[in-house]
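Consider the single chain below, provided in structure tokens and representing the form predicted on its own.
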């Protein structure tokens, strides 16, 4: 196999397994190349990815070592994704009765959510999360893509317990916007004591759901490494959780004038 073909295949293998260690011997056996040649090829891929802002290729030493691809979108890429999200949300056709916005098509877009998942994964990678937690149902796609980019399992919290979940832990929480008592449950098998988890959701208004997820995770003896939200509302400014990341801020919906005001989150624009 020519080097150009081998480079393309190696890059494909690494990108398809984000944050998963691939041993050098796997490349050696697959392509019939010497280990020194494989190392040179990886150095080329590493340099190209770094220059083009395509992510990082990290080398892990030791008996179980190898290389892995770590998604790390550039600042320009993050800003472009946030701008695309805001542009889609600004369409007056998304306005529903009561001032709600239709976003199901956005959270169901594999292309958009895969990029969002890589953005969240890059922000929380340094905290070494062991799992991603979300509440059914619209938060599942973005949480799944985040879990894929981190190469960790996804734990889905249910609003009602199911027989297929086995023994569950159930907690009540107060919905921050509606001020209603809600219930959520998670299988005992989903998390273990001492785990670090990332909470990911599609929308945050007052933060009641996120607060409930934080409390539920604590029941397992696990810790929250971070919270990622696709869209948050500008009001109320004081959320029930303090530290979180959102990609877009919904400032208001005018049903009569058919206008939607949405902007990228400040941390996104400050980085560029």
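Residue numbers count along the first chain shown, from 1. Keep in mind that this is a model prediction, so the values were computed, not measured.
Note that the form predicted together with another copy of the chain isn't included here; everything after this is about it.
When another copy of the chain is considered in the predicted bound form, residue 201 lies well away from it, no heavy atom lying within 4.5 Å. Although the partner is absent here, residue 96 lies within 4.5 Å of another copy of the chain in the predicted bound form, judged by heavy atoms.
Although the partner is absent from this view, residue 76 stays clear of another copy of the chain in the predicted bound form, with no non-hydrogen atom inside 4.5 angstroms. Shown alone here, residue 3 lies within 4.5 Å of another copy of the chain in the predicted bound form, counting heavy atoms only.
Taken together, the three residues 215, 247 and 263 all stay farther than 4.5 Å from another copy of the chain in the predicted bound form, as judged by their closest heavy atom.
Note on the partner interface in the predicted bound form: the residue among 80, 169, 174, 140 having a heavy atom within 4.5 angstroms of another copy of the chain is 140. Contact annotation: of the candidates 28, 240, 45, 225, the single residue with a non-hydrogen atom within 4.5 angstroms of another copy of the chain in the predicted bound form is 45. Stretch 29-37 is the contacting one of 228-236, 29-37, 215-223, 59-67, since its residues have non-hydrogen atoms within 4.5 Å of another copy of the chain in the predicted bound form. Residues are counted as partner-facing when one of their heavy atoms sits within 4.5 Å of another copy of the chain in the predicted bound form; in 125-154 these are 136, 137, 138, 140, 141, 144, 145, 147, 148, 151, 152, 153, 154, in sequence order.
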